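One protein chain, two forms: both are listed below as structure tokens, the first as structure 1 and the second as structure 2.
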Structure 1
């Protein structure tokens, strides 16, 4: 379980990345969603003990992130969004080096690395130079690191950013193989709906929503999205929301009707979304 209490981060230039954030996350895969600058990466770095908060408190499985920092670091794995593999090293070498750096013997590290790489579908390219692999395969190397670490909690910061749709789905499949509890950050609504049992919506450092997909969609239950008319303007698109029972009345209009998704939760909250 991850809990934060009035957690705040103010940078030296005055930017407030987190603003008195209080929440509780206890799903197998919990998710932070929000546009760039919402505070997702800052929160992940604080929870993974890489960054100190300005004020407030956070607890992971009963361990305080500041008071119990040394103990906690042995129980978590963090895969940052900027992590990139070394082109000449193979997937096996990457995961083996990671495990030996965490204190595992070389023999055990090789064994565990092979098991993890097989689990994420990289068994056939285990010895290939990484620069010969696809973008999805490269990201799955880091998921294999998370699997092999056998820690209590894994932090994955935007693991599929920049990947094509097929590679993204490959990484989703690999993430599901991780036995640890996961906190995943993303700005892809589809990714959050696909993977996460609990979703926290962040906007400019504040919590705007928290719940399952169905709970977050509940206020829009029975409605459809109408593009081409309405008072909400996103880019050059004018849209609104109407009851499904009235949707048939709009079929002869020059509009597009779409089912409700998490993206619409963002819009109705007034939270800007990624284009």
Structure 2
């Protein structure tokens, strides 16, 4: 269970990345979603003891992130959004190094690393220098670290960014196999819908919504998305949401109708919807 109490982060330049965030996450896999700059990475870094909060408190499985920092570090795994592999070393060398840092013996680490790299589909390239791998393959090295580290809680900050659809599904099934509780950040709504028991929506450092997919979809229940007309303007596209019953009236107009997904919850956050 991850709990935060009025967690606030103000960076040196004055940016307030988290603004008195209070929330409780306790499902097997929880997701953080929110626009670029919403504070997801800041939150993940604070929870995984990489960054100190300005004020407030956070507790993970009963361990305070500041007071019990040392103990907590042994019980969590955190894969940073911007982590990159060292080009000259191989995937096997990376994961092995990481697993010895997590306390495994060299021999166990090599064995577990091979299993994990196989699971994420990198079995063929475990000995290649990572410079010779594609962007998505590089990302999967870090996913392999997460699935093999075997800790109570795992933080994954955008683990599937840049992966092709099949690789993403491979990662999903690998992530589901992890026994730990997971906090995962993603920009892919179908990923959140697919994997997460609980979804937290962050917006400018504040919590805008928290719940299961169905709970979050509730306000838009019975509606469809209309692309091509409406007051919500994203880039050059106009959007609106209308009752399914009224949708048939729109069929002869030049619009596209789409079923509601989590993306629409995201889009309508803070946006008034015509009822």
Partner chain sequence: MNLKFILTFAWFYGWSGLKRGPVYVLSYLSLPLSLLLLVFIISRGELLSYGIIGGMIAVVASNALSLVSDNAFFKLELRMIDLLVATEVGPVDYMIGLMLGDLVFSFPGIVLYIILGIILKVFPLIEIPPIFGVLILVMFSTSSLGIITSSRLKHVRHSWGLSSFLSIVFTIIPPLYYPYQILPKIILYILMATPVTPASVIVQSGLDGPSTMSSVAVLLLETALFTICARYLTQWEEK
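For clarity, a rigid core is taken as the largest C-alpha set superposing within 1.5 Å between two forms. Please read these numbers as outputs of a predicted model, since none were measured by experiment. Numbering follows the first chain given and starts at 1.
The second of the two structures is the form predicted in complex with the partner chain. Listed options 150, 127, 230, 193 include one hinge residue for the rigid-part rotation between structures 1 and 2, namely 150. Relative to the larger rigid part, the smaller one turns by 14 degrees between structures 1 and 2, according to C-alpha superpositions. Overlaying the rigid core between structures 1 and 2 leaves the Cα of residue 84 displaced by 3.2 angstrom.
Overlaying the rigid core between structures 1 and 2 leaves the Cα of residue 118 displaced by 5.2 angstrom.
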